[in-house]
Structures are given as structure tokens and as C-alpha cells.
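Only one chain is included here, represented as C-alpha cells and corresponding to the form predicted alone.
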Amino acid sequence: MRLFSIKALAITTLTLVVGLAQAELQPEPIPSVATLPAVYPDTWLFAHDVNFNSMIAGKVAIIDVAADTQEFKGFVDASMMASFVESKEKPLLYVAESFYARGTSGERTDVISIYDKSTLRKVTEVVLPKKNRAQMVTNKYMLNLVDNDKYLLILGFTPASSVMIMDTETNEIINEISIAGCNLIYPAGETGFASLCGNGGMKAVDFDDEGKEISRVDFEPFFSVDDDPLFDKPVYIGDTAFFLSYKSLVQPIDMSTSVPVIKSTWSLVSEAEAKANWRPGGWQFAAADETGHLYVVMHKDGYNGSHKFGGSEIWVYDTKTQQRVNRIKLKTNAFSIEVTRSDTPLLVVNTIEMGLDIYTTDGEFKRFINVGDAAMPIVLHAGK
């Protein structure tokens, strides 16, 4: 019986080997290099992985959130608390990143790395001579393009804050403007920008074709940094930036000109919801669609510090009527969200488990996407 089993195994193995030989795959040509379109489909999204486990190996992954298979399209490197922006006028991706001569120590070099969207190859890099690029947990307002992408604005920190201006035609740093006491870069007007300040006010700066400051406005405090601070991650709908407060107020600011106009506040919550301490929270916890709807990650029983931990629901508001129009209960708590610019928009939820749950904007769950080997894809950028 045992001899028969050995003979049967030998015959089966020989049959398998012969079958494999007959089905042998033809060798793949080398090199085999795929390219991406210069204009990405509108269901593609950038997932910025800061990779706290190994910050020198951060990346920006490109994901098709509508695909059932082969969702991962590629990535570009984004080292050491990098910041990222996609050009809408040129087939380029910009990454502000830092390197150290011995990996995590030694002489520091700050650069703007510029990548081709089709090949994902680095086209060039621009060295920042002062080595003062702001290194912090990334968000969308550390690096921005203005004036039809003619100028790249780069947040500096020494620890005094500043904004470096790069001409994207020559790739030269043409000026640096101090914004001491304030932080981040919110586009305003054609070439202007604004920053929130530590006193509860705002600073707005405009510059000319040579990057020189031509106007500056310091706004008096309009929110309380102690009682109800504003989150520093607004959502732009058209030319209006919607800032949210820790206790669920909405502060719209008209950014259509270089001198912003601060509008009246309104609330995300009813009196009963306020008593239950429903509050926004997460990292990139708000997004908008093309119709002017505002999407906000919300959690119940909020307290001082709970703004860091995401939420179990997404509430949707019509910003014209200032009324909630939908309430989406999530499969897994959200940490960051984004809405695609596609004809049929998709709501993308980076969960607290650091994967992507994909929903319709009505709240129907569609699929889960594992973002390759991404450790913390906490900032999501919808394609332009």
C-alpha cells in the first residue's frame, strides 16, 4: 500500500512537471516600463503616506478609487514630513522634502522635487538654500500653487514662520516673506495668501511678479484660541474657505481677493446635538464636492482632545442653506476624507485602520482598498 502511494505520487509529480513545461510563460521583455496618462482620470486620488515608522521612506501613492482591481497606479517619494501638490496647469507633481547625509542625521538638504506625471520620474529638484522648510505632520496648506500655477508657495519655519516663493517657469526661489506669529498658506486672490495667527487673527499678504510683498493686512482676532479654536485645515468651495471650530462652528472666509472677507459663522449642530457634544475630528476631517456640499467627520461625546481621533459618522451640509442634508454612518471610524471630482463623485474615507473605504456620496459602501504597503496615508488629494 505504501509502495503504491509512492508510485502514485511520482506519476502525479511527473505529470505536473510536464504540464508546467507545456504552459511555460514567455519571458517578459526587459526593460518593461509602463506609463501613466499626462491627465489623470478623475477617479484617481493621491494618498500621502507620512510613514511615521520610517519617515525617510514616505510616499505619495496614486490610487484609482473606482477600480475593482489594480487600484494602485504608482507612487513618488516624499521624505521626512514632506508636503505635496499637483499642478493643474502642467503635467507635474511637486514635493517639498528633506534629506540627511547619513539617513537620519548629518547635513540636511531641503529640496522641491518635481516629478513627471506620466513616468513618475524626477524631472529636477530645486535646493532650498536656507534649509528651513517646515517639517511637521503634513497637510494641504504647507505647499500651494497660485496664479495659474506660476508660483509655488512653500512654508518655511526657523522657528519663525515664512513663505518662500518659487517661480515655476525658472524653478528659482525668488523671495521669502515673513509671517512670524502665523502659520500655513491659504491662497487668496491671484497671487495672495493668508495665514491664521496665534492670537486668533489672520494675516494676508499679496506679492508682485518678482515675488516682492506689495501689501499686508493684519486682521484683529475673530476667534478664541482658548475657548473654541479653529482647525487649520479649511475646505475651499469656490473662493470661500470654510474653517471649522473644535465646538462645531463654521467660519466662512471669502478668499476671492488678496484681502479676505470674514463672513458670519453658523453651526453644524442643533442645541440637542451640542448638548450631546457632537464635534468634528480627525486629521483631514472635512471635504467638499462640486455641488457645494460640505462633508464633515463627526463624533459624539466630544471633549478637550477628542478632535484628534476621527469619528463614526460623516455629516453633509448644503453651504448655501447652512442645513444638514445627509448623515452617513460609517463601517469603520474615519480619520481623513476626500471627495473625488468625477461625474459620479465618490467619498473616500481613510479609516483609523489606515485603509480606504469607498462610499457613494449618498453613503452606500462600495469597496475597501488596501493602499499597498502604505503605513499612514493620512492626507488625501482629489485629482485636479
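Note that residue numbering follows the sequence shown and begins at 1. Just so it is clear, the model here is predicted, and its values are computed rather than measured.
Only in words, not in the display: the form predicted in complex with a further copy of the same chain, which the text now covers.
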Practice item. Would you check whether a further copy of the same chain, in the predicted bound form, lies within 4.5 angstroms of a non-hydrogen atom from each of S264, Q322 and V325? Key: no
Study note, to complete from the structure: Among N148, T104, S215, S270, just one has a heavy atom within 4.5 Å of a further copy of the same chain in the predicted bound form, namely T104
Exercise for review: Consider the chain as shown here, without its partner, and state which of D254, D289, D167, E125 has a heavy atom within 4.5 Å of a further copy of the same chain in the predicted bound form.
Suggested key: E125
Review point. Contact between N51 and a further copy of the same chain in the predicted bound form at 4.5 Å, heavy atoms?
Key: yes
Review point. Is there a heavy atom of A57 no more than 4.5 Å from a heavy atom of a further copy of the same chain in the predicted bound form?
Key: yes
Check your understanding: Might N171 be said to contact a further copy of the same chain in the predicted bound form, defining contact as any heavy atom within 4.5 Å?
Key -> no
Review point. Is D77 close enough to touch a further copy of the same chain in the predicted bound form, meaning at least one heavy atom pair within 4.5 Å?
Key: yes
Review point. a further copy of the same chain isn't shown here, but in the predicted bound form, which of 96-104, 234-242, 203-211, 256-264 has heavy atoms within 4.5 Å of it?
Key: 96-104
